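Let's start with one chain on its own, the form predicted alone, as structure tokens.
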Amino acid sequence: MVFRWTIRILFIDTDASGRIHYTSLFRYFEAAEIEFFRHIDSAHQYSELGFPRVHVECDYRSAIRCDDVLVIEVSVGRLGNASIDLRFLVLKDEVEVARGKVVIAGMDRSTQRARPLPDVLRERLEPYVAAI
């Protein structure tokens, strides 16, 4: 199962070449992530836990320009004991234009150390594992 979120690229997110600035797609990934967690009713509602990003990557396959309408598919590549590997597939007109990954760690806010993900969060994420 994947979560799909649609967005139109804003002019402010493009560079002098007219294409999306390489860092901007990470903001779109974060927005898709927030909507995904809202969709599964787990919008980072765990006050004792922090969720720092410990790894990010993105491969661009084709040009993305201002006003392009993109569909970002979100799935879980790996669900670790204390981490979530989110995968992003970016489509323009149903053709892949980018692919990304963000690894999020579950961290105890008081100790600043890794902490297992809550069972309820794991249960809500499991249907999305290995979809992309």
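Just count from 1 along the sequence shown to find any residue number. Values in this document were obtained by computation on a predicted structure and should not be read as measured data.
Omitted here: the form predicted in complex with another copy of the chain. The next part is about that form.
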Inset, instruction - Indicate whether another copy of the chain has at least one heavy atom within 4.5 Å of a heavy atom of residue 12 in the model of the complex. - result: yes
Inset, instruction - Mark residue 21 yes when one of its heavy atoms lies within 4.5 Å of a heavy atom of another copy of the chain in the model of the complex, and no otherwise. - result: yes
Legend entry - Proximity of residue 92 to another copy of the chain in the model of the complex, heavy atoms at 4.5 Å: no
Inset, instruction - Please run the contact check for residue 35 against another copy of the chain in the model of the complex: heavy atoms, 4.5 angstroms, yes or no? - result: yes
Legend entry - Contact residue in the model of the complex, chosen from 49, 58, 40, 71 - any heavy atom within 4.5 Å of another copy of the chain: 58
Inset, instruction - Note that another copy of the chain is not shown here; using its position in the model of the complex, name the residues of 104-129 with a heavy atom within 4.5 Å of it, in sequence order. - result: 107, 112
